[in-house]
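Below, in structure tokens: the form predicted on its own, a single chain.
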């Protein structure tokens, strides 16, 4: 076991503003507002404790480093999401129905979600139930009762979820655009997987077993507990319960970064009326790579209240909403802009405006606007970390990627000190207007 580490976190300084804004700003040191203690078991399981003043309540989160972006085997897309369902089937010692009853007795509210790089199992529970919950989860992750009958039953539920998603035109557009951007790389298919692979899931017990054996191993897991928790007691209990969990004998295949692909356009005409939407995506640096933080600023500058897209599109009545984000993906980054148009006829003009403002950002990232946004981001950070579930999610997201919790401080500080010049440089390099992957959806008759 590694030595327990702890880091104390607060916001120390902000750049100068107002009359002093002309001077070079003092570097801001941004620190997370709670202590973080960590350990790593001999088998590779990372355990993180974040004590908070939430008497009697804890949030629990297990993050597995496997998502749809890990699915390299042909014909086996959608298995990361499939396991989000299968993991609620219980074990031989605590079958599904008994497990549900035990969770009700313990007051545990649990769930799960899957994305490109991870599958996450969060829970909120009374602190008094934590010792028993540790044993239940340790049993589940080591001894999941994966039966052919259970696989067939859950495959039907997954197919139903796929059909529901396929009835949403924007979901279909996003899937087609991702395929254009990433091709045969696993990022190129949706989290749910290809329909033909989902249709074959009822008879895929052996493949499911192999997927579980490869990925659901301690070296791919990060456990975070936030709230009314004592770190040393938590680490001792987790070591006893999860310590026997064995590492994978055969490490799964790493798909590696996707190849570059030429810009493309997808136009989708839906049979029935639907909201006209423009999607514009750029391939950018992945999470942790140089330029990622500056591009996160670029996305905020473009669509923040009073920003150029908000002003020229939403306030001028061309659009109902405009939103931009940079995905925190680890194999390749994506900066995505979504605009919901007021009228489908305005989509060409909206696209033209987006291209104009992206090009303008490469020449002028306004320093005064960035200073104002730094203050807003400071308070958004603090106000967004007021309950243990949010804290567990915030910490788990970052520790799973960076491994070292001290990187949280480093990244928050780096983000707070991004300069206009860095934004301009990143936008000029990565957000060339002609490099955008463009998707448009309109409804029948529009």
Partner chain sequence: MIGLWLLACGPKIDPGPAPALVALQPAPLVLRPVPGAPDLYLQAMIRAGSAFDPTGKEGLADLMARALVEAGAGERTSEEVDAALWPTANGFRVVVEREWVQLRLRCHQDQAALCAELFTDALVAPRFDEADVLRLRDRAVSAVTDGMLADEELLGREVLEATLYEGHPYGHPTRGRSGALEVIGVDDLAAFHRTHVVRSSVIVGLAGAVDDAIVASVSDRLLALPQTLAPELPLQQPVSVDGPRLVAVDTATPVTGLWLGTPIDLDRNDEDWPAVWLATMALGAHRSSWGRLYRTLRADRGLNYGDYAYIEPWLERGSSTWQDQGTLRSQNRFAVWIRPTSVENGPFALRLALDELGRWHDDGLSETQFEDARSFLRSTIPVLAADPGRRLTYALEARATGTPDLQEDLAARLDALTLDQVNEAVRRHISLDALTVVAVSGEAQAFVDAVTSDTPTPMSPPSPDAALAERDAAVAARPTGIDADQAWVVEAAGIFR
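For clarity, every value in this text was computed on a predicted model and none was experimentally measured. Residue numbers count along the first chain shown, from 1.
Omitted here: the form predicted together with its partner chain. The next part is about that form.
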task = May I ask whether 33, 143 and 244 all come within 4.5 angstroms of its partner chain in the model of the complex, judged by heavy atoms?
result = no
Fill in: Interface membership of residue 402, its partner chain in the model of the complex, 4.5 Å heavy atom rule
no
Worksheet item: Is there a heavy atom of residue 274 lying 4.5 Å or less from a heavy atom of its partner chain in the model of the complex?
Response: yes
key: is_contact(residue 411, its partner chain) in the model of the complex, heavy atom dist at most 4.5 Å   = no
Please tell me whether any heavy atom belonging to residue 156 falls inside 4.5 Å of a heavy atom of its partner chain, as the geometry stands in the model of the complex. yes
Partner contact check in the model of the complex: of 176-184, 90-98, 351-359, 225-233, the stretch with a heavy atom within 4.5 Å of its partner chain is 90-98
If we test each of 261, 85, 312, 132 for a heavy atom within 4.5 Å of its partner chain in the model of the complex, the one that passes is 85
The one residue among 373, 210, 248, 268 placing a heavy atom within 4.5 Å of its partner chain in the model of the complex is 373
Of the residues spanning 137-170, the ones with some heavy atom within 4.5 Å of its partner chain in the model of the complex are 149, 152, 153, 154, 156, 157, 160, 161, 163, 164, 167, 168, 169
